[in-house]
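Coming up is one lone chain in structure tokens, specifically the form predicted alone.
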Amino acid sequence: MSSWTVRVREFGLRNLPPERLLPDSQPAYMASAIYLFGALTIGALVTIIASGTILALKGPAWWHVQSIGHFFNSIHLWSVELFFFFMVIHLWGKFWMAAWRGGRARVWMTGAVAFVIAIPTAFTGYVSQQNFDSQWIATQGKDGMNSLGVGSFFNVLNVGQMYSYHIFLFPVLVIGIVSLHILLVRRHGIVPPIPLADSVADAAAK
């Protein structure tokens, strides 16, 4: 009887063989720019994690006072803006391409879940800035949280709680779901464009 390590290895090789996990070629249709936004989203996420790690290590007194702290804070902010910009284009592009075709439903759903989780991640970041903007956002947001019935354990006026959510809990969830999304893409392959013959047939039927 094989050990659990052997079973895990066989499962991984069966579902993600090396030639699929790290392919050395891509289909010709990937030359379209719409396929670029997924990689741009991941690039922005890497920049967010790197700049956020530096900000978390140095603390708010650094990013509010030092010029280099302002610089890294700006990098973190604009990488978040670009992350959402690229992700929205990526999600909508794949929606109109019907990216769930060919057994790829879980690929689409993990991407959508990553977007949903990214929203509270960004929100907790805004209320953790420890400036007037964050205080204003928190006081406006607390009523919304209370109206949803989550204010008792998601207190936007508690800076420590929001900060811990922002730098640990939500990033772990985002990184985990994005990693799963990438592995599913590798397993099922890049979705091809909708065949022209199907589009012509649909137009004729109408």
Partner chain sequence: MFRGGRLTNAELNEAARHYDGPYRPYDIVKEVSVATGVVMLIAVILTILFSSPDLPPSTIASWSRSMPTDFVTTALSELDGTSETATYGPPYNHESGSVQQLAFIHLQQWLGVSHPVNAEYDLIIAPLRTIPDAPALQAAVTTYVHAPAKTQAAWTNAYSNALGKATEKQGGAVTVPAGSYGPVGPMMSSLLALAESGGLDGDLLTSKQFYQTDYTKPLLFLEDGSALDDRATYQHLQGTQWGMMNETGSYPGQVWLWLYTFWYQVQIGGLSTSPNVDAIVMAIMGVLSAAFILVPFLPGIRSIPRRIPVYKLIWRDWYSATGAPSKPPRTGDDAPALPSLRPTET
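Residue numbers count along the first chain shown, from 1. Note that the structure is a prediction, hence the values are computed from the model and not measured.
This next part talks about the form predicted together with its partner chain, which is not shown.
Contact with its partner chain in the predicted bound form, judged by any heavy atom within 4.5 Å, is made by just one of A56, L180, L169, V159: V159. Using a 4.5 angstroms limit between non-hydrogen atoms, V191 touches its partner chain in the predicted bound form.
With a 4.5 Å cutoff on heavy atoms, R14 does not count as touching its partner chain in the predicted bound form; it lies far away. At the 4.5 Å threshold, heavy atoms of A44 reach its partner chain in the predicted bound form. The closest non-hydrogen atom of R9 lies beyond 4.5 Å of its partner chain in the predicted bound form. For the partner-free chain shown, H64, H70, F71, N73, S74, I75, L77, W78 of 64-78 come within 4.5 angstroms of its partner chain in the predicted bound form, judged by any non-hydrogen atom.
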